[in-house]
Every structure is written in C-alpha cells, then in structure tokens.
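To begin, one chain is listed below as structure tokens, in the form predicted on its own.
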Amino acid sequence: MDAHLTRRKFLGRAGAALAAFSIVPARVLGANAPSKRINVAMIGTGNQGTLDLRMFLAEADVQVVAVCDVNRASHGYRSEDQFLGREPARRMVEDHYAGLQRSGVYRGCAAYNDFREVLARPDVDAVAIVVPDHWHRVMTVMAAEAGKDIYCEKPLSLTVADGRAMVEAVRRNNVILQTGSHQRSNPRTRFGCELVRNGRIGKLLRIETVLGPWNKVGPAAGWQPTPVPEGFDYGLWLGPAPWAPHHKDRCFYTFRFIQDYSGGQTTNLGAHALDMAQWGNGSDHTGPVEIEDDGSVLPEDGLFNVVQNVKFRARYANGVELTCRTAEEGDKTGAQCRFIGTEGWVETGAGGFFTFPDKLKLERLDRDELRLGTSSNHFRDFLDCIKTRATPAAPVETGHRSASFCHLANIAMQLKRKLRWDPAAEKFIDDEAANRMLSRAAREPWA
C-alpha cells in the first residue's frame, strides 16, 4: 500500500467499492436486523488475540467476519509450539462456523494484512485491537473515526498523550470502547473493591501491589539482526515506532520488553494491579499526585530495555499511599492488589481473594451501599453495551487513567527521582524533562 495514500482517501475508495454489496451494520438496523448479530473483526491474531478471538466466537450473537495481522503464519509467540497469524485465525473462525452448518462448510471470514482495509468495511460493527501497545492510539483513533465500537486490550496506551488522544476520539465519535482490564468483570475483585469503598476495612491507608516477574530472556549486548520471516510485514509491524533492524525477539510476545513498543511488566501487569488500586480507591478519573522510584532495576545492556525489577511508591491526594514491586520467589504471580485499612485488609487479583478478618468474605452489602456494576464476562459486557450504548465495565477514561499510572511509574523509575503530578492537567509540576516523556514522536504517515 502506498504510504502516501491518506487515510481519508483510502477509506473513501474502499467504502465505495464495498458499497455495491449493500451491507448495513447490525446496529443500524437495531432489533429488527435479520441476524441480530454483531459483526466483529479481529485486528491482531497472536497469543492474546487468539485467546480473545475464542471468547468472541463463544457468543451466539457475534459473527466474526474478518481477521487481520501483519503475520501470515508462524511459530515464535509466547511458546514455540504456537502457530499463529492471520491464516490460522481465519481457519479457526471458519472451522468454528462450519461446525454450526448442516453442510459442515463455511467460507465467510476474510483475512487482511492491513488494518485499514478492515476499517473500510461498512459491515463491521466492532473491532478488537489486540496488537503491540505502540499501535493502540493510531488504530483506536482511526476505528473511532470510522464509527466502529472498540475492544482494545490493556494497557490502553503507550504514552499519556496517546491515551488522552484515544479518549477524545472515542468521545468525539460517540463509540463504545472497552479496555481489556478484565478484573473489572471479576466478581471477587468487584466485591473486594466494594468492601473497601463502603468502609468495611475502616479508613483506607495503604495499597500494596505486586507484579509477576520478567518471563523471557532477551538477546545480550552485541546482538545481530535476523532475517525478516516470509509472510511477515515488518515495516507495517513497526508502524509509528522508530525504524530498527529486525530481530526475532523484537516482535510477537516479547515486544513488551522493549521501550519503543511497550513498558514492560509495569504496563503489562500493572494495567491490572494498578487498575484494581484505582478502582478500590475511587480514582477512576484521576491518579496519584506524587510518584518516585524505590530501588527499581533497569537492564544494563541487550535488546530488552524496560525496567526489569519494578519498585516504586506513590501517594494520592486523599493521603492513601501505594507501593508496587516485582514478585519475589514464593509470591503469588500475575497481578495482585492488597487494600490495607484501619480495621482490616482485602487482597484480590490473579493469585486469589483474601481478607482479614476472614469473615469479611461473608459480608453482605446493604441495599443503599455503593455497588460497582454487575459484569461477570468482559466480552459479554462489551457486546451488551454495543446494543444498549451504555457505559462498559472498563470505559476509555478508566483505561486511560490506569495506563497513565503505569507510564508515570516508568518515568519515575527511569529518572530515579520523586515527581509531582497534576492529574487534572496531566502534567508533571516543575519538571520539563519528565513532561517530555509523556509523548513520543511517530513515524510518518502515522503522526
């Protein structure tokens, strides 16, 4: 595709070509649509994308009409035995729907290399964006401008500025966005946060969060480029990120350990742990006012260059203090969050649900106490909100604020000093060096 072909011209041409099919999105027809199905397209069919694809296929009112990935098909994802990409994803979709047909045959899922072709299809109601973080802003903004509802995996953004641009695009175009922070649809996590918000542990004093460790080993100093695999559009994979020579560990699952594309476990697992902290503290539309490094460790050399051992502390305007660290041997892995109050504590996350005193688990909320929603299936919640236009469990502002907390932490750990943050202005106070790290330049034509 010509890099100089503008998005608007591309959408116009593709839209005109597809108009001949007279396809109308299901949500336009509303309850009287013949199929009453939501047409979904998957953008990104790697490790997480395949997991999300299975969740959408499980919903009877969803029709997956397209998959998109810059990789045709290969091994080399989270585990070497995974064979993923757009063609395996297409086969998964068509095999699933073929099993529902009397004929046992189905050939109705298109596979694309370029996501702009997906956005140009007028029959697509919603897209799932499950790609490296450096692509989230571009794809979300363009999807919103194309009128598509969006399921965007966590962390919502690569930078604070990217997140704010995504919030504005979603609001401006009145589309639904669900952030993939699925703890918001975990009944145990919701109940734990309700206990905290309703004062069942007394006055909240402190929040302790723990993140799982690095789970991959990257190339050491002196690494050499490797050939681009056949069927892999490496230029489009890089997209808005700076040009860099290809290495097999730069892409796929391990992108998260390189700053140009992600923020390490700080953003990967922090998007869960800090999101739970935000929820329990009632901070969904704000964030901390101070944040500082507390002894984190950055790698000295090699391809992977994000914070290796996370350790920072922060303080909210209400006086609540938060700590975050990488799990030690014997710790619960994943993302865990403990709320500590004057009369007890509640802990929730991937490692389980715990309280002190233990009887807090059996508490029942009064009818007039605060409730934090009812979702128990993050994908189902997204689909229901497409139909009702209600606010989803993890809307765009919530996803932005939780991701921003992660970005602030990475900046503080890189600069090794205490930073003061203005959550309303989304700026550091009296620290221009830190403020320059809130955004990044994008390569053309993605600026």
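Numbering starts at 1 and runs along the sequence shown. Computed from a predicted structure; not experimentally measured.
The same protein also has a form predicted in complex with a small molecule, omitted here; what follows describes it.
- Contact between residue 298 and the small molecule in the model of the complex is not found at the 4.5 Å heavy atom cutoff.
- Although the partner is absent here, residue 399 lies well away from the small molecule in the model of the complex, with no heavy atom inside 4.5 Å.
- Interface membership of residue 404, defined by any non-hydrogen atom within 4.5 Å of the small molecule in the model of the complex, is ruled out.
- Using a 4.5 angstroms threshold between heavy atoms, residue 414 stays clear of the small molecule in the model of the complex.
- A single residue from the set 159, 71, 189, 209 has any heavy atom within 4.5 angstroms of the small molecule in the model of the complex; that residue is 71.
- Think of it this way: in the model of the complex, the small molecule has a heavy atom of just one of 236, 370, 221, 105 within 4.5 Å, and the residue is 236.
- Heavy atoms within 4.5 Å of the small molecule in the model of the complex belong, among the stretches 245-253, 327-335, 168-176, 302-310, to residues of 245-253.
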